[in-house]
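The chain below stands alone and is given in structure tokens; this is the form predicted on its own.
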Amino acid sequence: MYAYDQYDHALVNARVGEFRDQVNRRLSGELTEEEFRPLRLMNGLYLQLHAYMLRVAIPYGTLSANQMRRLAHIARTYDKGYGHFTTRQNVQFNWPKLVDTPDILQELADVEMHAIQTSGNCIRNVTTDQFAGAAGDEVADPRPYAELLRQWSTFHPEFSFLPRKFKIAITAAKEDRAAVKWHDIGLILKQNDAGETGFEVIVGGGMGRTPVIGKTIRDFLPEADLLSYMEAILRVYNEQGRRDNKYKARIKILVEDLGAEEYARQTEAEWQAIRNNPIDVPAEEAARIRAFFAPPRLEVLSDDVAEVDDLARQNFLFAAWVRNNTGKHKVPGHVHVTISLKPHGGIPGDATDAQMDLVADLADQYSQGEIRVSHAQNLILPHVAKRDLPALWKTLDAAGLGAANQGLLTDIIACPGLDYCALANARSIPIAQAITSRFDDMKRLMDIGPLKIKISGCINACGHHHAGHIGILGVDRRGEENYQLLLGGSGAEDASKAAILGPGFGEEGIVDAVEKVVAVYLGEREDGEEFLATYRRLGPAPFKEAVYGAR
């Protein structure tokens, strides 16, 4: 993974020093909260319902074991003993004291981490496939490009105060595990017929109150032109994006207003004007960055491991975990392993300090000291030998981290909702917990198969409900929490926008509604058909009849 150079260290430590002074001025009363607000937001510090919340960047979702241990230490020392992993491949601490936040940022800086540009109208954390560099189906590791974009965008003088926040995602596999079509810019790394590497460029995606699926404006951009083309896209947006109305300020609104063809035309014109300037990175610098992501030297092993097969025959839960939570690695005899942060009755994305310490230890023991964070709020050990799976699972299971539900109905994405967030209209966490309790049977979950439920506590869609096979949106209806049910969304390569099925429900009713939807699917599916395919074939009518017919 990328290691800081002298410039990175100087930049991050200087920011910590600046923020320490700003916090001292706030505590002394020299700064009002209104004056302090833009300063704290530049350092990822939010003021939530009950306390401050600090959002820490995990660039492209990659962590070292030592960095994870530092997160555990911060949770234990400065918070309430846990951290919350988010859909942006970040981690949030929900209870830090203001006086401690400069010390937390210094603790992070000491292990090459920070909270810069995790808030504000700037380019946020660049995200990518959680299995990048390990997955057997990728064209190349996309993380060097994500790191290049991180360096280019950090404190970019022209793009630090955009009309609205800006999110970029990259994938390099046919299966889109980074939801690139739901981002302001989505990049798909590919090869053309000549074997050259480049990008399909997608713009104008986004969720929130106006969900939009991004449009392709360039089928193939040579990799050498990446930064200048990004610069052109952002210049067009920065110049024409709405600043008079924050609800219409995202690039998706501009692309919809201009049309994708016109946005592409203006981007190409801007690109031609700037591409000969020294924006794009020299080949030697690109090679320097790429070297940090060289694959680990793994021994080629057999994919047939008797110990794994024997335990799978003896233990159904282990067999389910191997099937659901492990995936094909580039190197034979190895897999990538998803550690579910969705235990029965748990809060999606939460991990205790002890669990974080354990994951760090397991990463050192089994995964080359490397950990990933997924946008589904789980953790990944990317380089695990198949022969180590029995021992790994037993250790995880004993720590409450052995849930075998990756990609299944109880692998729910949920925002913090009204339990924490000042913007939320309704709680998300109790709904996720109630659904997992209702479907707490692994054999039943395996029979249902892949099904993605995503829950947001307000229209800002931090829980990605628009992209859920089943989406749930919490709203305030005359002072009461009400939950809308949406069906048919996808964040994958077949991206689609979920549609509201009908009137909303109370807390108990929404769980019943989910169960009725699942029952229709089980009764109507064809052989081998997953939920989303059944919904697309049948349309909403039979689901609507089952959910609302008796009302």
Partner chain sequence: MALVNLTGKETGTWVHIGTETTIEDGAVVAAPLAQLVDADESFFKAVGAVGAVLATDADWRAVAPLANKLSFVVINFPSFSDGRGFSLAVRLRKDLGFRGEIRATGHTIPDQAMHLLRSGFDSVETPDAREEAFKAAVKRYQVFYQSDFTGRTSLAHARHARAEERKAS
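Fair warning: this is a prediction, and the values are worked out from it, not measured in the lab. Residue numbers count along the first chain shown, from 1.
The same protein has a further form, the form predicted together with the partner chain, not shown here; the description that follows concerns it.
Residues 307, 407 and 516 are none of them found to lie within 4.5 Å of the partner chain in the model of the complex, as judged by heavy atom distances. Of the residues 438, 444, 165, 243, just one reaches the partner chain in the model of the complex with a heavy atom at 4.5 Å or closer; this is 243. Checking 366, 220, 316, 152 against the partner chain in the model of the complex, a heavy atom within 4.5 Å turns up for just one residue: 152.
Note on the interface: of 484-492, 38-46, 54-62, 519-527, the segment with non-hydrogen atoms within 4.5 angstroms of the partner chain in the model of the complex is 38-46. Taking the partner from elsewhere, residue 161 is found to have a heavy atom lying within 4.5 Å of the partner chain in the model of the complex. By the criterion of a heavy atom within 4.5 Å, residue 14 is counted among the residues contacting the partner chain in the model of the complex. The partner chain in the model of the complex is not approached by residue 536, whose heavy atoms all lie more than 4.5 angstroms from it. Interface residue remark: residue 224 is not counted as part of the site for the partner chain in the model of the complex, having no heavy atom within 4.5 Å. Residues of 500-527 placing a heavy atom within 4.5 Å of the partner chain in the model of the complex: none.
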